[in-house]
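Given next, in C-alpha cells, is a single chain: the form predicted on its own.
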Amino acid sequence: MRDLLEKTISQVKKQGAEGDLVFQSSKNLKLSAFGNELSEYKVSGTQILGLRLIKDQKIGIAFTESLDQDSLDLLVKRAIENASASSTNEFETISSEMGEVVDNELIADGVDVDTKVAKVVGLFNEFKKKDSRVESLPYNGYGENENFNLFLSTSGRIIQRTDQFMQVWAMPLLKEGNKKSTFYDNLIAKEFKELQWQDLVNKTTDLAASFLQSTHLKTGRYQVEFTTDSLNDFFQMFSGIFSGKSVVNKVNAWQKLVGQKVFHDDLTLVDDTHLKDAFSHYQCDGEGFKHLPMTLIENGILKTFLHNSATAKELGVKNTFHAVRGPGSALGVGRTNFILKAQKTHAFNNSYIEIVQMDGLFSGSNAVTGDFSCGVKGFLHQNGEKIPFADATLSGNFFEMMKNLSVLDASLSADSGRSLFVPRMIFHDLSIAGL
C-alpha cells in the first residue's frame, strides 16, 4: 500500500504541486447484551485516503475509500480541479519537514473473543449481584478499535502511527417501588486486562441507588465541585477558546487578551502530548511537525493560542505545532493532553455541591460567549451529610467560572479518557435552579 501512496505523491509533484496524504484505517469490534443474551456482535472496518494539494497558493482537498490505481489517479485529478476553483491562500503551505517517524502504541491483546463475549453476557448478573433492585441494563456494551495512520508529504515526511483502545460502558436501571434511577459511565484502556469491570459495576450501581432517594435543591447560588469528566466536557465544549483558528475566524472571545488574565492566577495550563500518565501520546502533529510541550496560560495569564503553521503565519506568531487534519478535512488546530497545574491551595470548610452528571451541556452552551445551561445531578455536602439531588439546572459562564475558584488540592486527577489532568477545585457562586 505504501508503494501506491508514494506513487501518488510522485503524481502530485509531476503536476507542479505540493501536497500531503493522510491514510486512516480501523478495525472495530462491538458487543452488547440484552439481559443474559448477546444482542449485538459487530465486526467492521474502514479505510479512507485524503489528499491536500497546494498549487499556485490554491488549496485542493479530495478523498477516496478505494485504493486501486484508477481511484488514486482520480484523487489527484480532483484535488487539482478543486485547487484551481479555490481562492488564493497565502498562509497555508506544505511542511518542509523530512524523515520517517514510527509512532507505535499498539499492544498485543492476547485475549480471545469468546472471553470478551462471556464478560459482556455476564454483565447483567454482576449488576444483580451488586443490587437486586437493578431491573435492566438499557445501555451496555464493549468495544475495541485498532487504528492505523500513515502520513506522506511531497517534502519526504513519512509518519506511521498505530494505536488501539478498548472500552466498556453500562447504565443500570434501578427500581424501588414507583421510583426509578439510572447512572451511566464508561472505562477505557489499552488492553482488555486493564478494564476494571467491577469498578464500573460498583460505581454506576452505587450512584444510581443514591439517586433513588434524591431530593430537590432550592434555587440559589452555590459553591460547586465538578468531576474531572465533567470538567473535560467543559474544556471540549469551549475548546475554540484555545485555538488560533478561531482567532483567525474572529470568533474567539479571547482574541485580544494575550498577556491578560483569563484564568485564576493560581492556575497554569500546559498542553503536553508526552505526559507519561496520559492515555495517548502523539509524536507529531497533522502537518508532520514534532509535538512539543506548550504553556498556554501561566499563573492565569494567557500566553498563546494553539496554532498550526497557517494560523501562526497569518497572525505573525510562533507555530505551536498543533495542526490536525483528517483525510477529508481542511487544516485545523487541536489540543493533545491538557494539564492544569496549581500554584497554591486554600482551605475550604463550607457546604458545597458535588456535580457527578451533566445533561445537555453541548446543546445548551454558546461556544463563543462561554455561557452555558444544563441539567445536573449530584450531592449537597452540608453539615457532614451527603444529600443526593436531581432535576436541577446549572447555568453560568465558563470563562468567568475559571477565574472565580479555589484550589483545594494540587495533586492531579485524570478524566476517564486520561487527556485532562486537574487539581481539586471549588467554583464559587454558580447559579442552580431547583425548586
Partner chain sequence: MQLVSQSSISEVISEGLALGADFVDVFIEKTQNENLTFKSSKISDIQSGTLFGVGIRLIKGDQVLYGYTNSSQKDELLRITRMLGKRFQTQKHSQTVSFENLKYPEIGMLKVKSVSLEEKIRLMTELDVSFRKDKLVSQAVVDFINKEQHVEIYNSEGLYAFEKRPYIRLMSSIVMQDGDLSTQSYTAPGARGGWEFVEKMNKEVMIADLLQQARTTLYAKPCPAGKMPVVIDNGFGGVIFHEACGHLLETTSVEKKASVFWDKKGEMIAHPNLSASDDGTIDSEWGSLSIDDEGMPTQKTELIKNGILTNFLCDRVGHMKTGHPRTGSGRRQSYKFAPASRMRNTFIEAGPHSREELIESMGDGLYAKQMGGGSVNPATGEFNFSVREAYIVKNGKITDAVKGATLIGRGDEIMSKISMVGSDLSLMAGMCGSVSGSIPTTVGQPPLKVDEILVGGRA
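Positions refer to the first chain, counted from 1. In this text the structure is predicted, and so the values were computed from the model without any measurement.
There is another form of the same protein, the form predicted together with its partner chain; it is not shown, and what comes next is about it.
- Although the partner is absent from this view, residue 148 stays clear of its partner chain in the predicted complex, with no non-hydrogen atom inside 4.5 angstroms.
- Using a 4.5 angstroms threshold between heavy atoms, residue 384 stays clear of its partner chain in the predicted complex.
- Proximity of residue 366 to its partner chain in the predicted complex: non-hydrogen atoms within 4.5 Å are present.
- Contact annotation: residue 221 falls within 4.5 Å of its partner chain in the predicted complex, judged by heavy atom distances.
- Residues placing heavy atoms within 4.5 Å of its partner chain in the predicted complex fall in a single listed stretch, namely 213-221, out of 226-234, 197-205, 213-221, 259-267.
- Of the residues 360, 122, 293, 143, just one reaches its partner chain in the predicted complex with a heavy atom at 4.5 Å or closer; this is 360.
- Of the listed positions (336, 319, 164, 182), a single one reaches within 4.5 angstroms of its partner chain by any non-hydrogen atom in the predicted complex, namely 182.
- For the partner-free chain shown, 328, 329, 330 of 327-354 come within 4.5 angstroms of its partner chain in the predicted complex, judged by any non-hydrogen atom.
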